[in-house]
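Structure 1 and structure 2, given next as structure tokens, are two forms of the same protein chain, each shown alone.
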Structure 1
Amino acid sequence: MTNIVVFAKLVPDLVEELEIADNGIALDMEWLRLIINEFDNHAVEQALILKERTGGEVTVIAPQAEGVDEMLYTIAAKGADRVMMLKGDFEAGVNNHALARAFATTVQTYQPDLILTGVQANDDLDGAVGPLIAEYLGMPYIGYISGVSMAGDKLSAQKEYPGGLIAEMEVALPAVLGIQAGEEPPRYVAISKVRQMMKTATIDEYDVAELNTSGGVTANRMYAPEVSERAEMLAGDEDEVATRLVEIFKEAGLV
């Protein structure tokens, strides 16, 4: 039986304005709304699809954060067999290196055949978490995956390149994949099922005693870029506007 483990995390929800904390080097947590990293959501979907197709067990592990219970119950309602939370102080200065180490230590007890995670997250400052996990576990890693099929201890994955070109790669299990898109968009789960899960399912917990953040970076400064409220209007007749546009396209590297 295939043992699939997914690493998923919550990231800042960009629907809300982001604010910088007083220290100038972190996001202001008070105003932060968190949401599942969309790529992790795809990783969960891909895991469930694999399970439906070839059998197996899906475990989803997420670091503690405000709202993680709800996220994990939702995932359980979608069909994950086991959900688990890494407990620790993940707020201040935590980075993907620390998360990857904590996850790698935890996941070993499950002896996973396959680990899936989102190819990236909007708050990655020290690279994506997937390749770090893979290396800490000594497993191979391929990212930008949009389709997976399994046969025995081999797995075939579709890796996306710019322009829609796909490379079909084979990898020996156990392995880690960075999911760009699941074969199907993440499924909907009715709230009644989530609420049911809140009553019946348990979230396993694993205490992460110490965080090792080395390899990650510390910000010297964080700031929000200035955004204009309205378009910069290009003046002149069609010739002048066309000339200006070509310049703009050139500056953006599009021509």
Structure 2
Amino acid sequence: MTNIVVFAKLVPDLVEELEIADNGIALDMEWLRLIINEFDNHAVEQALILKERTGGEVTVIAPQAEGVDEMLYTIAAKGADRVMMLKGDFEAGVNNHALARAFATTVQTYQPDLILTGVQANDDLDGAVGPLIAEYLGMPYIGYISGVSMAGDKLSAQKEYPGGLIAEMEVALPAVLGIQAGEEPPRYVAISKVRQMMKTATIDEYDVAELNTSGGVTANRMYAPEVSERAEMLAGDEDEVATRLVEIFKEAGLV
């Protein structure tokens, strides 16, 4: 029986109006709506597909944040066997190194055969969390995955490259995969089923004693793009436009 663990987190909804906090180095999260990271959602779906196809159990672990309970109950309603919340000072802001360390410490209890996570998130400053988890656990990692099949103690992963190229890679378990897209779109679950799950399912909790953020980048300043007038619209026929382009290149010292 395959033991699959997924790491998922909440991120700012980019549909919302983003504002910078008073400290000038982070977003103002007080009124910001959080939703499950899109790629993590695909990782959950891929895990459920593998469970339905080959059997096994799916555990989803997420760091503490406002609204994470609802996210985990929704995932349980979709078919996850176990959901867990990492408790700690995550809302103060942590980087992927801290998240990966906390997850790696927790997940060893489950002795996973396969770990899935989204290939990236819209609030990342220092790259995807997947490679860091793999490093801390001493497992192989493959990212940008759009399809997975399993056979015994090995799996075959379809990795996407630019230009529409697909590579099929074989890796021995246990392993970590960064999911770009599940084989199917994330499934819909009715609100009534989520509410029922809130009454019957249990969210396990794990207290993270310390969040070690070492190794990550530090934000010195966050600001909206500065407004300036640097665009020039070129009018005229092809010869006139070409002549003006050459003049611009000469003025910039490029030719």
Partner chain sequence: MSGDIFVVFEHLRGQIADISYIMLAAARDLAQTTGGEVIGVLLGHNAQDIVSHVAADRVLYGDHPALADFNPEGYANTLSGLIQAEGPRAVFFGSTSIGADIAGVLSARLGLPLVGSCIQIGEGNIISKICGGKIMVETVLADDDTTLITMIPGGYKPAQGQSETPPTATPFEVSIDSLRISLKQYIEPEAGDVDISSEKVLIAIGRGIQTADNIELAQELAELLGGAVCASRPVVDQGWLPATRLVGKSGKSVKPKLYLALGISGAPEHVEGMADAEMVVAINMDPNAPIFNVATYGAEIDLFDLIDPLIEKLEAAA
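Think of the rigid core as the biggest set of C-alphas that the two forms share within 1.5 Å after superposition. This structure is a prediction, so every number in the text was calculated from the model and none was measured. Each residue is numbered by where it sits in the sequence of structure 1, with counting from 1.
Here, the chain labelled structure 2 is taken from the form predicted on its own. After superposition on the rigid core, the Cα atom of residue 220 is displaced by less than 2 Å between structures 1 and 2. Once both forms are fitted on their core, the CA shift for residue 13 between structures 1 and 2 remains under 2 Å. Here residue 242 counts as shifted, since its C-alpha moves by at least 2 Å between structures 1 and 2 after the core is aligned. In the core-superposed comparison between structures 1 and 2, the CA atom of residue 231 travels 11.7 Å.
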